[in-house]
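Here we start with a single chain on its own, the form predicted alone, put down as structure tokens.
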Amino acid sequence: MTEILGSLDDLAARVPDGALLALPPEYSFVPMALIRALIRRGAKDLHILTVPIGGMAADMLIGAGCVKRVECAAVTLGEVGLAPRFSAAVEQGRVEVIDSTCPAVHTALQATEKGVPFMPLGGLIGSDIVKQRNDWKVVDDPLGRGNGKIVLIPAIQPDVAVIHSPLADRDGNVWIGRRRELATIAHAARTLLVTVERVQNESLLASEATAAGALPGLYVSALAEAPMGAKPLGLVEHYEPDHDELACYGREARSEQGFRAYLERTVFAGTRAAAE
């Protein structure tokens, strides 16, 4: 049974320190409100897996000192520019980076989804990244059909994955629509934590119109309501990204002082005021 929790803090408490945490890409359903709750909680030693590219969520967690290791194809703020806290942490040796590629990340999760220890992937032979990954194995065509070499990618099973969705129902079914990478993440992770814009009483599985885009609740460990929970990122067909806020973050996070000021204003201000 999916637990429907009363607060983001309760949901954030389900992410243990040191967990392998899978984050969706910024063009998908990113739980920014939950990311801020993790920072307020003081999460530490996280191993982040970006699926496959990280953005503001990963950059904020890294800048806040929550992350020990990140496996990614890239971490970037897109049109805003480089991910400044990620860049600074790498340059200063404060985080370990495991280089990957978009197909390799998806392949590793698909291996876990299918219950196998690895999956083959073409297209990597001859690239420098293969030389840096001792855990990837280059083998001859195992079927002996003369197809040359292929790379075997070990399965990855995240301890926890987090997403934000427009809608869930009381049974824990969650709407993901066309964002099928979220299904792969959910199938592979031991625990899936979800924030949603709202929870409805009617089952998403009761109608053909919604069932096809719903992730069954058996994959969802716990969820909590968080209206506007993807902001300042967008949520497709619900609200647009706040481009001014994203640009503001890009500017302020270039320095440690500016980043701390940004956290104080957007992550801690409300909770400290309430405590007073």
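Just count from 1 along the sequence shown to find any residue number. Quick caveat, the model's predicted, so the values are computed rather than measured.
The form predicted in complex with a further copy of the same chain exists for this protein as well; it is not shown, and the discussion that follows is about that form.
Chemist: Would you please decide whether Glu202 lies within 4.5 angstroms of a further copy of the same chain in the model of the complex, comparing each non-hydrogen atom pair?
Modeler: No, Glu202 sits far enough from a further copy of the same chain in the model of the complex that none of its heavy atoms falls within 4.5 Å.
Chemist: Find out whether any non-hydrogen atom of Leu193 is located within 4.5 angstroms of a further copy of the same chain in the model of the complex, and reply yes or no.
Modeler: Outside the cut-off, so no.
Chemist: Considering non-hydrogen atoms and a 4.5 Å limit, does a further copy of the same chain approach Gly213 in the model of the complex?
Modeler: So Gly213 counts as contacting a further copy of the same chain.
Chemist: I'd like to check something about Leu152: if you look in the model of the complex, is any of its heavy atoms closer than or equal to 4.5 Å to a heavy atom of a further copy of the same chain?
Modeler: Residue-level check for Leu152: yes, a contact with a further copy of the same chain.
Chemist: Pick from 57-65, 247-255, 232-240, 37-45: which stretch has non-hydrogen atoms within 4.5 Å of a further copy of the same chain in the model of the complex?
Modeler: Contact-bearing stretch, as computed: 232-240.
Chemist: Would you give me the residues of 159-194 that have any heavy atom within 4.5 Å of a further copy of the same chain in the model of the complex, in order from first to last?
Modeler: Trp175, Gly177, Arg178, Arg180 sit within 4.5 Å of the partner.
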